[in-house]
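One chain follows as structure tokens, the form predicted on its own.
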Amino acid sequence: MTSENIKFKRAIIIGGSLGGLLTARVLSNYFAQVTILERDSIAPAPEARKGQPQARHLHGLLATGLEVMTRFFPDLPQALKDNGAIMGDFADTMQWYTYGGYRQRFKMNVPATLMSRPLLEHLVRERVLALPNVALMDNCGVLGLVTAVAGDQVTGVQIESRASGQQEVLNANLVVDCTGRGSRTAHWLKELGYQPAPESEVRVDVGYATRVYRRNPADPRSQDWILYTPEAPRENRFGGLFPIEGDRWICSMGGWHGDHAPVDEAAFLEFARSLPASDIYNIISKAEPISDIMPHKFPHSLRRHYEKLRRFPAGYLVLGDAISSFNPTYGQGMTSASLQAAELDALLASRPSLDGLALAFFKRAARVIDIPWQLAVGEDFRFPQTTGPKPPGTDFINRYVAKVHQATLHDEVVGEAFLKVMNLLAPPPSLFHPRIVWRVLRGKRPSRSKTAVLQRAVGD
């Protein structure tokens, strides 16, 4: 930040999770004062708060998300490493079983960064709050928006201290809702006489359970991320076992449409045993558990189409999961929020005022969201029980992508193309490049001996 960049007086961000922190980093470039309002109490060490139960579960940071965060915080990768995060090559550290085999491993030169969500958020928060013009008010509830007399301009928020019950009004040139899936913006807009954004809801009824285990760093498997994803609709269970800081494994397992992992210890292990690949069971059945088994349910993906609105109050924005929350099994949420923050940065850099900011931002955010939404919803519609707006051509695309999945078991070129799309490094149409289509459709299989080497099967 330099004083020459400052264009506006004050911004307020509602919600101090990762999306809110990244937004604060962006706004610090353009506002003399940035205030983050967080309902929960913020601990001085990495911790999953009451208001974000999903933080206790396995998280994936896609390569694009790390790249954007590194632009905002150049020392973040080193800080993650210094705090015990596992850093490796994305494709060369995966033990990923799907469609009857393991995806071929190879050197991709794309980073995989494995850590707990609380650690990542803690390190980002440290860097944001070190900025001289950013402040955090925790234990702070937002009661509503404050507007100009005409109701067409948000001028601040009314807040309440959760400790004392004291209420006050904070004024701002810009208020940004980063409160996530539980956003109250629709209610507030209705109070102001605005139409709420149209919504798309895709019901998946995903449920999973998570447990943390002690990890032996000398174990040759301890640097790999282990994943099983189903061949839908024949299978609907998934499991992940990732190494994280503190010499720990974090294990999340579950399924679509009611086939959820149990929280009873014996049944949890039996669920792991039921997966087609034994990697996860082989490790957790012998590892020391160091947490309870924690459940989480995700009934539906939700997208609020703010880009379709023609009227929206000035001085107000919505960002991150408050716009769109994806099926968490695909690990896209943190990266989507990062990319939306980057779009906001680009917009503010090019505009001398805040006039028309909201509608311009929502159009850009929609383009960011389109790709992860397409990827997540497309995969979810492999299950016939999935309901909601189904994009045209989904069944055709899914039939082809199933062949892509199969080809990744033996073809490094197809594997790299797939992993780039998954990491949002390349657009989905790149999988339809003639070079990739030809390799997918020819269906060449490696010899049995080569398959055994590539699988690097994990023993007992």
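Values in this document were obtained by computation on a predicted structure and should not be read as measured data. All residue numbers are counted from 1 along the displayed sequence.
This next part talks about the form predicted together with a small molecule, which is not shown.
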query: Contact stretch among 166-174, 330-338, 219-227, 95-103 - heavy atom within 4.5 Å of the small molecule in the predicted complex; finding: 330-338
query: Among the candidates G315, G180, G255, P372, the residue which, in the predicted complex, approaches the small molecule to within 4.5 Å (heavy atoms); finding: G180
query: One residue of V414, V68, V401, L37 in contact with the small molecule, assessed in the predicted complex (non-hydrogen atom, 4.5 angstroms); finding: L37
query: The small molecule contact in the predicted complex: C140, any heavy atom under 4.5 Å; finding: yes
query: Close approach of R117 to the small molecule in the predicted complex, 4.5 Å, heavy atom; finding: yes
query: is_contact(Q54, the small molecule) in the predicted complex, heavy atom dist at most 4.5 Å; finding: yes
query: Close approach of P46 to the small molecule in the predicted complex, 4.5 Å, heavy atom; finding: no
